[in-house]
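This document starts with one chain, in the form predicted alone, laid out as structure tokens.
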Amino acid sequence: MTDTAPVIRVEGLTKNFGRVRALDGLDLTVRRGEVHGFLGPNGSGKSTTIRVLLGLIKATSGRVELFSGDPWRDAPRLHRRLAYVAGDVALWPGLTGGQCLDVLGSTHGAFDERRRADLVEQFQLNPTTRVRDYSKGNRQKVALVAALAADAELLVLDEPTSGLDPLMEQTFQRCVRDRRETGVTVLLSSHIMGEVEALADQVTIIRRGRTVTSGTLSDMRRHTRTVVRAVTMADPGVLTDIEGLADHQRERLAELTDSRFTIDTAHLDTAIGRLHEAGIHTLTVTPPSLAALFLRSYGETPGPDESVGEESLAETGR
């Protein structure tokens, strides 16, 4: 595998379970050294794709390469180069957390003992406790510590922070950034939009087993809408003659005017110029969040007064 070859290359991937087609021509490219967000609602095919990449199930058709190898035929060899964390970790109940780390570390080929000790401290994990006495979050910590401590070239993380509190989610993000700085590649599947937005260099959104869109967040934002709210000294008038502007709302506030609208990024300068002529008192320009981009990919565009959060995404995923 050359340095320029993708770590993961998936083209036209299909997977049938009887009469059900779980993957329907999916494309996915993950390049060396990047964190790649892999998004889609429940049932979209994310976990099936990951199982194919790990060689746990065989693709029905299409091209699937992991480190330029076949994950189905070459699974034992390829697994020495990666570490995997599932969203619902199952461990050995009679073992301690430290013993589980030893077992998991041996399956990953090699691990850095100093880094593992540092991760145990960062995640506030007690390695002497038996797994049967761990909470779900602590079981998740064991898997995360084992994966992040491994001398792996690729981390495959499927809902990795399930069960973690917000403080530990921040710890997770910091540790992933540290591993990326050493050249590790990360495939991150998560329902937490803020987590993906904070970490991902590239994002792929899928639906019903197909890729909907893929690219950097900045590239995606160039093709979507920005939310603007401006309070001006004078009335800027009706702004709908500006190309790319929509959802315009205007309200008088004593001597001021409150204007709200969405606008294509390419025409933002024109709108700001018109507001400047009216004398800007306050101005808030909000680029589309990853959550908004997700909804837009599914044909749902939030207006200037809508806040897109995890609840909206949960509704989309049903």
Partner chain sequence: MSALHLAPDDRPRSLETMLRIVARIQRRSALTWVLVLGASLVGTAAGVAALYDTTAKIHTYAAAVTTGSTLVAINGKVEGIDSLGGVIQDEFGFMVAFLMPLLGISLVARATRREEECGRLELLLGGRIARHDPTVAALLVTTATIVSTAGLFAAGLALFGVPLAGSVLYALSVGGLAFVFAGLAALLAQLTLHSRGVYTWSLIILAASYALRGVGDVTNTWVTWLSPLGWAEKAAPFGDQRWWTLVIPLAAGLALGAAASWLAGRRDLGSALVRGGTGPDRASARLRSPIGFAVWIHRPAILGWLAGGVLLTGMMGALSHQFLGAMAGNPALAQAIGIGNGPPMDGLVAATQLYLAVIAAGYLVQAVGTLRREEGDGRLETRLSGVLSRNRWLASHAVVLLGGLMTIVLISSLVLGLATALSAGDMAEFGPALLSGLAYLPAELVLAGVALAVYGMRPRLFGIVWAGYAAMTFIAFLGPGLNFPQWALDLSPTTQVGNPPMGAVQSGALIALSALAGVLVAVGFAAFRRRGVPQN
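Just so we're clear, the structure is a prediction, and the values are computed from it rather than from any experiment. Residue numbers count along the first chain shown, from 1.
What comes next is about the form predicted together with the partner chain, which is not displayed.
- The chain is drawn here without the partner chain; in the predicted complex, the stretch among 247-255, 273-281, 25-33, 53-61 whose residues come within 4.5 Å of it by any heavy atom is 53-61.
- For residue 219, no non-hydrogen atom is located within 4.5 Å of the partner chain in the predicted complex, even though that partner is not displayed.
- Taking non-hydrogen atoms only, residue 84 approaches the partner chain to within 4.5 angstroms in the predicted complex.
- Taking the partner from elsewhere, residue 123 is found to have every heavy atom lying beyond 4.5 Å of the partner chain in the predicted complex.
- Taking the partner from the other structure, the partner chain in the predicted complex has a heavy atom within 4.5 Å of a heavy atom of residue 95.
- With the partner removed from view, the residue among 103, 238, 167, 233 that has a non-hydrogen atom within 4.5 Å of the partner chain in the predicted complex turns out to be 103.
- Using a 4.5 angstroms heavy atom cutoff to the partner chain in the predicted complex, none of 179, 183 and 204 count as contacting.
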